[in-house]
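Let's start with one chain on its own, the form predicted alone, as structure tokens.
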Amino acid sequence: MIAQYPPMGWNSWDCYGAAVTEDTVRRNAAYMAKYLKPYGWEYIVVDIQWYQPTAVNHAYAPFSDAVMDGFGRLLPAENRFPSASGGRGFGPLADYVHSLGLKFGIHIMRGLPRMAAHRRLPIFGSGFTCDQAAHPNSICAWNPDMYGLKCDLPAARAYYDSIFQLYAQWGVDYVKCDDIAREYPHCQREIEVISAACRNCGREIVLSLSPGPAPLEQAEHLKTYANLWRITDDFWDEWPLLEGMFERAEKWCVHAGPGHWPDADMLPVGALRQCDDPNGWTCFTAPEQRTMMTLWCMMRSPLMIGGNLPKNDDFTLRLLTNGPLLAIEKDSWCAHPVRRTAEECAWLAPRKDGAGFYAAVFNLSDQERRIAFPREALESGFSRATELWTGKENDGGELVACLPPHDAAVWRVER
């Protein structure tokens, strides 16, 4: 099964925006292989506009001359990804990532390049041209590169088949498709066509849909045609966004399961916004980072690190290598909140082995609080519990923690 567990990896967006380079990707992959791989981290994902030769930050250059082949398929800009020279695309970079025992992913926008339609380029392996597939009235509101496709036409299906066949040849393991997850109903058919192309390309590829918020009423459609989908717009290092995630997590948690995962978005930890400020760092406090990691693991969201990994400090590395916490993603099921107020929240996640459960409490207030996990949710009590951030043992009784503002505690509980 594809994505039996929530994918865990690194994505270049938070630290380098559209300006990521091959050197940056290789350095982050080497770091992951050395320090994070033993804890389950495995995907290295190149985010948006890798085909744009002049990208310098998080902004998009309008009407840029994107790099593409003679069939309207985007290619890595060789000045930023030198190993792509000679028409090799992302093949050599994917080979390097695979040599480290990791997996390789890329970002795409839905549709095809506007320039490919204007030039009426042929679609590989078909008798169609790109202008026949393009839907000029279906455009992204925030990125100028692409036209959506007329997905009821065979030309559109031929184009999507052609790009996923190319990605399979490159050795791509993960595709993040953008400008689509929240675009119901007019992108519903496009999701189905993209999914079919992905599933029929001859390689197992995780399909992720962005940005959110995806509509909750489309959960069953999303579960059928994608492996993960964003439940929020871009998530950054601001407490109001993190606080707001508790409501989203409560609504979406029932839809998490093998092969389909509601995605709370990136983990903006460590060194961020490096293209604008080489000294940029997350604005989240240490307690807020523990809260984020705890909630993402309890709800079993995919985990994608946003920071430039080689700059990790000791705290960030410990945050990302808390093995007992990360195990919640694989060891639990049917996680759900058992209490949520304006000041605090509590979550329960039964363990698959039936021998216990995970319990978490969160201080959502701006004051230190003593928070006890609700006794009524403990059923018949427990014999032992271990708090996963501190390692402190609790032999029966109640689960309680004195938490600073915006902090969390989480226990592995034995019945």
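The numbering used is simple: start at 1 and walk along the sequence shown. This one's a predicted model, so the numbers in the text were calculated from it and none came from an experiment.
The protein also exists as the form predicted together with another copy of the chain; that form is not presented, and the subsequent description refers to it.
- Heavy atom to heavy atom, is Y147 within 4.5 Å of another copy of the chain in the model of the complex? Yes, Y147 sits close enough to another copy of the chain in the model of the complex that at least one of its heavy atoms falls within 4.5 Å.
- Any chance C283 has a heavy atom within 4.5 Å of another copy of the chain in the model of the complex? Close contact is absent here: in the model of the complex, C283 is far from another copy of the chain, nothing within 4.5 Å, heavy atoms only.
- Query: Is there any non-hydrogen atom of G323 lying within 4.5 Å of another copy of the chain in the model of the complex?
  - Reply: Heavy-atom contact with another copy of the chain at 4.5 Å: absent for G323.
- Item | V67 within 4.5 Å of another copy of the chain in the model of the complex, heavy atoms | V67 lies outside the contact set for another copy of the chain.
- Among 287 to 295, 160 to 168, 130 to 138, 77 to 85, mark the stretch whose residues have heavy atoms within 4.5 Å of another copy of the chain in the model of the complex. Careful reading of the contacts points to 130 to 138.
- Which one, A327, L121, C253, L153, lies within 4.5 Å of another copy of the chain in the model of the complex by heavy atoms? It is C253 that has a heavy atom within 4.5 Å of the partner.
- Item | Heavy atom distance at most 4.5 Å to another copy of the chain in the model of the complex, all of Y35, I106 and G397 | No, the whole trio is out of contact, none within 4.5 Å by any heavy atom.
- Query: Counting only heavy atoms, which residues in 1 to 35 are within 4.5 Å of another copy of the chain in the model of the complex?
  - Reply: Stretch hits, in order: M1, Y5.
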